[in-house]
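Read the single chain below, which is given as structure tokens and is the form predicted alone.
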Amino acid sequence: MIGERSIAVIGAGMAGLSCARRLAAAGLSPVIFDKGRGVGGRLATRRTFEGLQFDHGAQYVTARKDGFRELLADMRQAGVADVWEDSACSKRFVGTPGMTALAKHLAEGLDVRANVKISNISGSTAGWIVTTGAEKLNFQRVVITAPAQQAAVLLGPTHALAADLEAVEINPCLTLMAAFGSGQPEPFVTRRDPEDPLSWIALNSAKPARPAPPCWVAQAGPKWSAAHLEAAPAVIAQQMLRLLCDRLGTDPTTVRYAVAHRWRYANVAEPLGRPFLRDETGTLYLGGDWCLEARVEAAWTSGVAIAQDMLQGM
């Protein structure tokens, strides 16, 4: 038993980190697990040995509520966020020098254990058993912030919350990271067209505090992503590169980097409709942006709501 009031948080994205930070502020010591190499989830940044950089997950962050607006203001003051004035002249926040900076800032001082894949979560007389490979850890409370479909696998089809999770729909998103030789066109900074196979294209290097080499990020729409989801990454990259070169008017022979990334669970299409799920014991919580809408702020809202509800029940 790690501790009488021990808490495991599964997932080090915005929902998990915002929940853990609120719990830590109340004097608790949550342990955060993530299967990735670091924190952030879809607040992701890819860097290459050639000095290229791509935000290949969430492209930017906006705020509608005062609490999240204050968090972004604090992050800007700390130098890990800035305003991105794109070609549409809309106010958007991005992490600096990459989107992962937002998550890293939230993770400071927290007990984060990366490269740990949770294979099973089961109830016990003392609370919950979290299985990580051959190791079994006991916690009194567990918070799962993985996508609904992945959370359902952890809990199993007979769990009382399985039906709620099954009702949630999340679309995939295929992303291309590309860079070209010098002298190629830069016809826009951002381009959004929901009807186009490439529904979003952005000149990533136009964001503040990014390296100088022009870097493009293109994200496919839900239909195109679903249709090509199981293709090999190299095939996805090749097909998306042709589409991107056509939209940019770029000579495809000048490509110097083209890599695709598969986000199997990216944008919620049918949300839960409330900030989180809680089991009948009040010791298991599930949350994330899939509870509300496809926005980073929604993940933050869910995580904070879980923490507040848990603290009230202690």
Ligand SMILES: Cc1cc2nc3c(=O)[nH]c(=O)nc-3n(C[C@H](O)[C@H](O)[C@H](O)COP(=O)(O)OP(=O)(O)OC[C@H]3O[C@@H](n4cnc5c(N)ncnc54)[C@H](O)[C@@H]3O)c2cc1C
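Don't overthink the numbering: it's just position in the shown sequence, from 1. This is a predicted model, so every value here is computed, not measured.
Keep in mind that the form predicted in complex with the named molecule is not shown, yet the notes after this line are about it.
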Any non-hydrogen atom of residue 23 within 4.5 angstroms of the named molecule in the model of the complex: no
Heavy atom of residue 272 within 4.5 Å of the named molecule in the model of the complex: no
Distance check, residue 14 to the named molecule in the model of the complex, heavy atom within 4.5 Å: yes
Touches the named molecule in the model of the complex: residue 142 (any heavy atom, 4.5 Å): no
Listed range touching the named molecule, judged in the model of the complex by heavy atoms within 4.5 Å, from 277-285, 23-31, 245-253, 258-266: 258-266
Interface residue in the model of the complex among 98, 127, 221, 147, criterion: non-hydrogen atom within 4.5 angstroms of the named molecule: 147
Residues in 157-180 with any heavy atom within 4.5 Å of the named molecule in the model of the complex: 173, 175
